Ligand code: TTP
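Quick heads-up: it's one chain on its own, the form predicted alone, in structure tokens.
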Amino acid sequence: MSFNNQRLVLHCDADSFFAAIELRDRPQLKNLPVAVGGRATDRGVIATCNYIARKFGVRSAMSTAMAEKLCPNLIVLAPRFSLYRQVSEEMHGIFSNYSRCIEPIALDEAYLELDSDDWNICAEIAKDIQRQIESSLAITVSAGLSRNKFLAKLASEWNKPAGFKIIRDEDVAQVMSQLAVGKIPSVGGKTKEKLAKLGIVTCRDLQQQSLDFLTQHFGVHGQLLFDRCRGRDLRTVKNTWIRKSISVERTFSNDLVRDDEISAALNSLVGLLDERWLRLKSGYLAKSLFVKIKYSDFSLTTRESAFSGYIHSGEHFSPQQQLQLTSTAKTLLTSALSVKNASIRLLGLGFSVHQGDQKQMNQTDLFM
């Protein structure tokens, strides 16, 4: 089988995204069936659930009332979409460290076009992304690597949760021949039922049909079925994601209480942010600096301060910039702790960013 696209495509999909974030912030619920959605009394539906709840038959888009019948001990949490968007932004920020072309599909998944056709190099990139997301965000993603978007997404669903699979060029024929037609994303319930009536259950069955036959029975959709059952997908990854922030954070095994502990942690985060800022492609400017604090009771707060100068991505912080950033961060942290002086479970530091025009990029940094 020949492919036109020489670069490889990675599909990343966060596992039970909303529920995973809630469980991250509520570790006491870790071993219990948990879902995120509306209340049964309000005719709500389930947005997502953890894998424990899935064992009872709970699924997304199911009514909450039905979910609670299947799983009487189900804990249903109200969604916190502003938090999910924030974590999504951070996750996509990690993606951008490894790819210049990112196509978000939803808050919890994206396609990445990788700048290589070397399977081993791209596999290491995928594993690095998984490790960094788990380390920085305390959630897991499943990843799939292949030659096109369809096969990459198929691979990412193979070993959930936290799985990784490669579908190489030489694997496509065998993988597709064994695949049920219902695994093709465009095949819904009605199409699957119609195919079954025609004796078509697997992609091998579908491959036996001519394009004329499929077009006759499925109209313009017939061409897509003809291509997908053979692993073909000419869609390109469309670079539609715009970075809004970049950040680093640490969750501490022991809560921070003393001033010297907090100061040391903050200095460490400035260094980590410097490393991430250096790896970021050029063309971004920092608009403001923010600190993020999660307290021992899991409450969360942020403080932010705008810059009067220009800090360019793709460059190390100068010594003056490091001093300025550390001083600003300490001021923001002091402001937050003056309102709530509690021990710190998690500390984060980051920039809000925008893409600078050429005039801005050529300006002398006021911190230099």
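The numbering used is simple: start at 1 and walk along the sequence shown. Just so we're clear, the structure is a prediction, and the values are computed from it rather than from any experiment.
Quick note: we don't show the form predicted together with this ligand, though the next part is all about it.
The closest non-hydrogen atom of S63 lies beyond 4.5 Å of this ligand in the model of the complex.
This ligand is not shown here, and in the model of the complex it never comes within 4.5 Å of any heavy atom of V9.
Mapping the unseen interface onto this chain, F18 counts among the residues with a heavy atom inside 4.5 Å of this ligand in the model of the complex. Residue contact with this ligand in the model of the complex: Y51 places a heavy atom within 4.5 Å of it.
When this ligand is considered in the model of the complex, only one residue from E90, E113, D233, D108 comes within 4.5 Å through any heavy atom, namely D108. For the options K192, K160, R204, H217, the one in contact with this ligand in the model of the complex, meaning a heavy atom within 4.5 Å, is K160.
Across the options 41-49, 22-30, 65-73, 330-338, residues that bring heavy atoms within 4.5 Å of this ligand in the model of the complex belong to 41-49.
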